[in-house]
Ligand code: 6R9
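Read the single chain below, which is given as structure tokens and is the form predicted on its own.
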């Protein structure tokens, strides 16, 4: 879809990125560090930069985060509040005997207490881990054990349903703090009251002297088999998260910014908390789940300037219809970006139809800790493209030689694996308790991302698929994403996932699982119509041989469609780690 160019957004970082190549040549991570911290001192604390530094710059009374509940009640937390509350939590940790370096976790929704715990834990020199509140007891036990979590902050309801049944299997979990949900009930045995401990703690705290190489954050990401991967990020991650919040999300002090990602995922911490706070913006934090009308109301009434959301959410908004979008007005909205999985060109263009501007796709991973490839607000957008490498990041398309080494793919449009040259500040420091897996992620001086892409003459990357997702049919390499993007252009198609299935002649054939928009019935006539549409645009070799209509495709709780699960079920293979599957506990 992608050969149409959408031109840059007026008023963005044109002073820096209007000449992309020049910006890349001028960029220096050490300069980014000095711009953030004011020095090149190796002692760096992520929470200090996100909060205390902003207070030092005169933002104590500025709203840092506005929390919205179901009844539209607003709770505003200033930068000064965040400083005091995070200081109190750091003092609580010390009063409970939690030593520096221990892992602190939260099992909470989008509430102010999560922010206090996250920032306070990191200030105290501890490792912070945010767990998704919809996890059931078994995935929680796995993560709490693997992370050696010593203190957990949660609610009474979540504790009784999910933690109490596994508490005896968690000997390292020394303390559980309960956040009130407004009910007057007796605390569960073996827990303490979060609010009481906070009230009794001093709001003065000297941030623990940490180095940029000390671990600050622990995130879990699902593996295809076995237990989830524990990914560690150091305090230096804040340098890249700050720089990309400016260069990619185009954030400016005092603006209103809404990241819809849950804090249980890396995006919800990196770009729903840390990076934006270092830019001095006001965060919008909606405590409710996805609802099109509610989302449009938030964009309008909260006067959102910059919006960062997920492709699945965008496609669900498309499914609800553009008429709903146009019931409201968004004069303050000036930049929209996407994260989590590749964004189809159709969704990019829908942004222009619905809001008068495109969505800007971004690519990164939990392991990279920050955005690596992006469509910048100040640069032209090619719908369906991942964009170009962030200044300071060396990204290439590579392939393995017969000798087992890597070579850079020089020919434009040739498919290979995305590789990044280590050296950016937010690169992960380990896979927890799995050094061999970490070692295998690097080869010949490159980090191998596991994603396949091609790169055009202008340096734009185009996603092809995960290395194990690409379909090999009759000698052709077929990108599931390309087929999905084409099927999305049919007016009946709301969501789609494509996999390869065994074929006795071609080796593999393309099979598509399709969710329909409302008003369409999944029958043979529509199936033939969609197949014909795909064959006209893709050709018979690439188009699906089979289309199956589905009421709901399997997704992770962050919205990614789980192709590997579709493939496993289709082929009768082990389903692997399902702890992040939507609707599963």
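Positions refer to the first chain, counted from 1. Because the structure is predicted, anything quoted here is derived from the model rather than measured.
The protein also exists as the form predicted in complex with this ligand; that form is not presented, and the subsequent description refers to it.
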Answer option from 107, 419, 393, 386, heavy atom within 4.5 Å of this ligand in the predicted complex: 386
Heavy atom within 4.5 Å of this ligand in the predicted complex - residue from 429, 325, 221, 175: 221
In the predicted complex, segment of 199 to 207, 356 to 364, 127 to 135, 156 to 164 with a heavy atom within 4.5 Å of this ligand: 356 to 364
Residue 340 within 4.5 Å of this ligand in the predicted complex, heavy atoms: yes
Partner proximity in the predicted complex: residue 560 to this ligand, non-hydrogen atom cutoff 4.5 Å: yes
Distance check, residue 83 to this ligand in the predicted complex, heavy atom within 4.5 Å: no
Heavy atom of residue 348 within 4.5 Å of this ligand in the predicted complex: no
Residues of 257 to 279 having any heavy atom within 4.5 Å of this ligand in the predicted complex, listed in sequence order: 266, 267
